[in-house]
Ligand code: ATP
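Encoded as structure tokens, the following chain is the form predicted on its own, with no partner shown.
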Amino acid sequence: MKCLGIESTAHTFGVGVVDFNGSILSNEKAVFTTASGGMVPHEVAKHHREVCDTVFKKALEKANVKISDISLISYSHGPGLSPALIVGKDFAKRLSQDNNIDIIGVNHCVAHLTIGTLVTDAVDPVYLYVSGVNTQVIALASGKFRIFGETLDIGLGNALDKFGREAGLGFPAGPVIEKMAIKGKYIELPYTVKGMDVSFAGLVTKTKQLLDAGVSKEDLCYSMQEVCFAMLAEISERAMAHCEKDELLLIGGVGANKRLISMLKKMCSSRNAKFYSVPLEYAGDQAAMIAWQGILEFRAGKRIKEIDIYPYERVDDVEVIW
């Protein structure tokens, strides 16, 4: 049996095929980018509508399957940008109805967690989930993924993109910032940790002021990374101690950053804990994770009566039934 996953929460429209044993057969995607500015929801939705059929065909070809070989369709029902979510939902619904295939909607954030344990050796980790809008420290407790710490304002990915927009680095800015940081040196920026929560808004404001004052972009890139990643290492270690867990799993698009990985590895090593990071292909938004989450929930007996979107659904709203 095979599941076709469809991802469309934000800048990525993805289609992937995963079998019920967890083998990833394809994981195709198209990513909305801009030379300046950020994500405008209706423009992202337009991009997804333009690429959906092409990405779908590529995914089937890569997996060497036909739509008749698909037993289940899984789509990301939230959280995310409503216009983008609607494109994925409508595409999944059309495929389901035209081909008489079962359909299921899943939480995008939960899918990030479960693909992490599928593609690594982590068993029961603390998850550090860092993407555009999400910055959360999560662990499984009492039948739900509990959020032990999170950003109090904006996600780290969005913070990096806001700085990138001011600095003219394009979108997404994270990879450009990582490259430019290599040539930078440290300057002091606001470091805001409150328990296991973090805040990035003040740091973004300060970098804009320094940018306007003529401070080197390279220095600001380096310093943003060092300060933000140190904050993440601190709250991750605190959550591991609180939950009494000795594994940390880094997930989400910002998890592709090599400097962040290096700092978290060092922290885990100092407390004799195991560190895992999701391989680059599965770190950011993609459809294999949506397919795998659909498989987990479908096998556990979940069926949906209404095909809909849930733009504000949190990870701790989802009952872990699998």
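A residue's number is simply how far along the shown sequence it sits, counting from 1. Given the structure is predicted, the values throughout are model-derived calculations rather than measurements.
Same protein, other form: the form predicted in complex with adenosine-5'-triphosphate (ATP), not shown, and the subject of what follows.
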> Given that the partner is absent here, does G202 sit within 4.5 Å of adenosine-5'-triphosphate (ATP) in the model of the complex, heavy atoms only?
Replying inline: no
> Quick one: is D285 in contact with adenosine-5'-triphosphate (ATP) in the model of the complex, heavy atoms, 4.5 Å cut-off?
Replying inline: yes
> Taking heavy atoms and a 4.5 Å cut-off, does E178 contact adenosine-5'-triphosphate (ATP) in the model of the complex?
Replying inline: yes
> Is T114 close to adenosine-5'-triphosphate (ATP) in the model of the complex, meaning a heavy atom pair under 4.5 Å apart or at it?
Replying inline: no
> Just one of L248, V110, A173, L72 has a heavy atom within 4.5 Å of adenosine-5'-triphosphate (ATP) in the model of the complex. Which one?
Replying inline: A173
>> Please identify the residue among S223, T207, S236, N134 with any heavy atom within 4.5 Å of adenosine-5'-triphosphate (ATP) in the model of the complex.
In response: N134
> Just one of 118-126, 158-166, 88-96, 214-222 has heavy atoms within 4.5 Å of adenosine-5'-triphosphate (ATP) in the model of the complex; which?
Replying inline: 158-166
>> Counting only non-hydrogen atoms and a 4.5 Å threshold, tell me whether G149, R314 and V318 all contact adenosine-5'-triphosphate (ATP) in the model of the complex.
In response: no
